[in-house]
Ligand SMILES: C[S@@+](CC[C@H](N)C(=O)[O-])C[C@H]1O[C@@H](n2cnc3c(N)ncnc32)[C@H](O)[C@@H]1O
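This document opens with one chain alone, in structure tokens, the form predicted alone.
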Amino acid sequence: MPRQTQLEQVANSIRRYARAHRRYERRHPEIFNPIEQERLRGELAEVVGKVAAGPPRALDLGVGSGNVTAQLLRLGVRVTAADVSPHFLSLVRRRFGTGVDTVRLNGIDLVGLPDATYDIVAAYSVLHHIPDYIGILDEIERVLRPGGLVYLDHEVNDEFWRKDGCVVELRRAVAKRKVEAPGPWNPERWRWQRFLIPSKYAMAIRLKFDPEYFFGSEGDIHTWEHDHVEWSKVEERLHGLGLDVETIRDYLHFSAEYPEDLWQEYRDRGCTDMRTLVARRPAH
């Protein structure tokens, strides 16, 4: 992809987040809920425990509203919060004060960040926002210290795209549960009630002129069946850079919109839709 095209995509993301940053946490019940936060805390604690004696230094690549940074600070990590959005960086500075350093990124590489600086580079729900998500791995390797770890998390795995898989079954079960919910107001059951929801009309009009708005409203790039994060290519590049993949962990994400018992049932069946990958730069 030409550099100019990449820069245009990044500029679009920045424009989108000028509005979306204020409601980002409300729009993502699959991230900002106790179950996912506990899972994330455990994953990060495991990663921090694998680095050399500290306190370790971490780069939160694509900090957003500070989700990963908050967890790392609780673990005693010194954090550099980096993002393309000045609005997110401003929010992070207000939230954490002088507890973190902030860096504005260009969305293409990590220019300005020195070589071999960080014990951990964490990218949570970020790769699909980067125009060249494979190329950024070269930059991640560059800024990692020898022995440092790259932590990639909360990106969909191949099971997410299966038309006949358990993820589709779970969605159907959730939809059925909504239809069966008691009470006089249930637009899922009483479909005529949907005509009484003004936001439905606004969304329909917007999607008519911009079919990709639902994801594009946050500048997402690689979120489509024909264009998404391909883990085989990620692993291939990491191996090519000399990094050792230590952990690949697939899991079923929990959303606050899910009935917890249904999510637990499908999780116990081994259903997954997301992946975590941890790789290490060799110490020598």
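This structure is a prediction, so every number in the text was calculated from the model and none was measured. We number the residues from 1 along the sequence you see.
Beyond what is shown, the protein has a form predicted together with the ligand; the following relates to that form.
Stretch 77-85 is the contacting one of 112-120, 143-151, 77-85, 159-167, since its residues have non-hydrogen atoms within 4.5 Å of the ligand in the predicted bound form. Within 4.5 Å of the ligand in the predicted bound form, a heavy atom is found for every one of Ser13, Phe32 and Leu61.
Remark: Tyr266 does not count among the residues lining the ligand in the predicted bound form, judged by a heavy atom distance of 4.5 Å or less.
In the predicted bound form, no heavy atom of Thr102 sits within 4.5 Å of the ligand.
The ligand in the predicted bound form is not approached by Leu72, whose heavy atoms all lie more than 4.5 angstroms from it.
Among heavy atoms of Val126, some come within 4.5 Å of the ligand in the predicted bound form. In the predicted bound form, the ligand lies beyond 4.5 angstroms of every heavy atom of every residue of 241-274.
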